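Below, in structure tokens: the form predicted alone, a single chain.
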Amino acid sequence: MEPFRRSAPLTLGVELELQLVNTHDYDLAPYSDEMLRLMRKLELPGSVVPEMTSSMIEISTGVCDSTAHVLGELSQLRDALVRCADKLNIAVVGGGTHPFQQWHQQRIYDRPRFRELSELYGYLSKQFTIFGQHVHVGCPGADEALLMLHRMSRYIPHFIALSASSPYVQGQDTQFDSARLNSVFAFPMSGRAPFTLSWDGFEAFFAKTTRTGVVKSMKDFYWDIRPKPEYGTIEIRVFDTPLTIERAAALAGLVQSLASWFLHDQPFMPAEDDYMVYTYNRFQACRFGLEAVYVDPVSGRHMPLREHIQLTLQQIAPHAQRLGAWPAIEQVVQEAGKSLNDARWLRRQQMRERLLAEVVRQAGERFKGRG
């Protein structure tokens, strides 16, 4: 494993996996090659790359120092994607799942790593046509990164519920706000990172694991949060892709504000016992979204997740204000107080339209900033 590189603390990088759909019946369309060809002609921040199947595309910001910086770069990338999609007569849509696509119809993108994964994981690789947001946050050092990773783990339910946008799978309402994470859980190296607060300890774990031949690199771990030594960051991977880039930037601001609170105030020390309730809290957030119950890992107290989100906002408010993230975060958390997330929006549209294709069309307009 390569050494943990230095990065500027609290810098941000955001990746969004996005859906490409046709404008006939709004099903997924295998247009990633054509989109990449058109996007390569444009001068843009960050990067645009293919994903596992050919109806997916991933955009990434460069290294950003604020929520506004993230939003600025995502806006440029989004506007370019929309222009290119218009030329191809397709649409780009957010959301953690496509509501009615059939997994067996998807095509694996022709790239060596994707072919290897397809051979290893069989049908799971096509079922991995799901769409997430990843947020990287810069850490001052390797040990500090692991400390931040395990502190951040207490807030996984908050991230899931606030970003949830995948209630529909294969044309059915799953009754989950985030059904996407059930697909991730099928992979053998998913879940939580091992509990160690020293980089030496983590390197020892990695060496033991690679000796078994089960993994070859950090890319083989599909953990909810994983260290990224080549960037000097930790990467949070539980967010569904939101329906708008504004929400995506706000969620990055939430991560940055939490990280600032951890670094400057050292509010608590994580412990292995925190993970006793981790899977339960994670399930609650996936299933019930903002109506979930949150179990405090220290006291064992049960409380509505929405209340814990509000409590968290109070704790990080000075950091969010100093970082300029406060207005974006405040709006998302105010909506959370009313149980509003993108999963709720999708269900409302379906209740009115009774046609998932029309819901996807409207979600495409929302991605453009018009919905």
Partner chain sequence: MNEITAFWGEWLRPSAGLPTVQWSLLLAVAAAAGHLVQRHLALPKVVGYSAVGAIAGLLGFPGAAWPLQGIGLFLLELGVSVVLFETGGRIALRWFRHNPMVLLQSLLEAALTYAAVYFTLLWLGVRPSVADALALISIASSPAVLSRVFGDMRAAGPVTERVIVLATLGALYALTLVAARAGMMHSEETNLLALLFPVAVVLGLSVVVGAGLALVLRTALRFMIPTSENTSILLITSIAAGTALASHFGGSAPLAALLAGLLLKQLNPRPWAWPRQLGTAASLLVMLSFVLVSVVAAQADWNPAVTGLVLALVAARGLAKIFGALLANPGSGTSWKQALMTGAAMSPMSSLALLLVAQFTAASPSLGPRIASIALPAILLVEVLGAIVATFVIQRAGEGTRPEPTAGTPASGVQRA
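Since this is a predicted model, take the numbers as computed values, not measurements. Residue numbers count along the first chain shown, from 1.
Below: the form predicted in complex with the partner chain, not depicted.
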**Q.** Complete contact of 40, 224 and 235 with the partner chain in the model of the complex (any heavy atom, 4.5 Å)
**A.** no
Q: Although the partner chain is absent from this view, report whether residue 107 comes within 4.5 Å of it in the model of the complex, heavy atoms only.
A: yes
Q.
If we define contact as a non-hydrogen atom of the residue within 4.5 angstroms of the partner, is residue 279 a contact of the partner chain in the model of the complex?
A. no
Q. If you check in the model of the complex, is residue 89 within 4.5 Å of the partner chain, heavy atoms only?
A. yes
(Q) At 4.5 Å between heavy atoms, is residue 304 in contact with the partner chain in the model of the complex? (A) no
Q: With the partner chain left out of view, choose which of 283, 206, 261, 100 has a non-hydrogen atom within 4.5 angstroms of it in the model of the complex.
A: 100
Q.
Between 324, 62, 318, 30, only one gets a heavy atom within 4.5 angstroms of the partner chain in the model of the complex; which residue is that?
A. 30
Q | Candidate stretches 236-244, 79-87, 295-303, 269-277, one within 4.5 Å of the partner chain in the model of the complex by heavy atom | A | 79-87
Q: Any residue of 344-363 with a heavy atom within 4.5 Å of the partner chain in the model of the complex counts; write them all down in order.
A: 353, 354, 355, 357, 358, 361
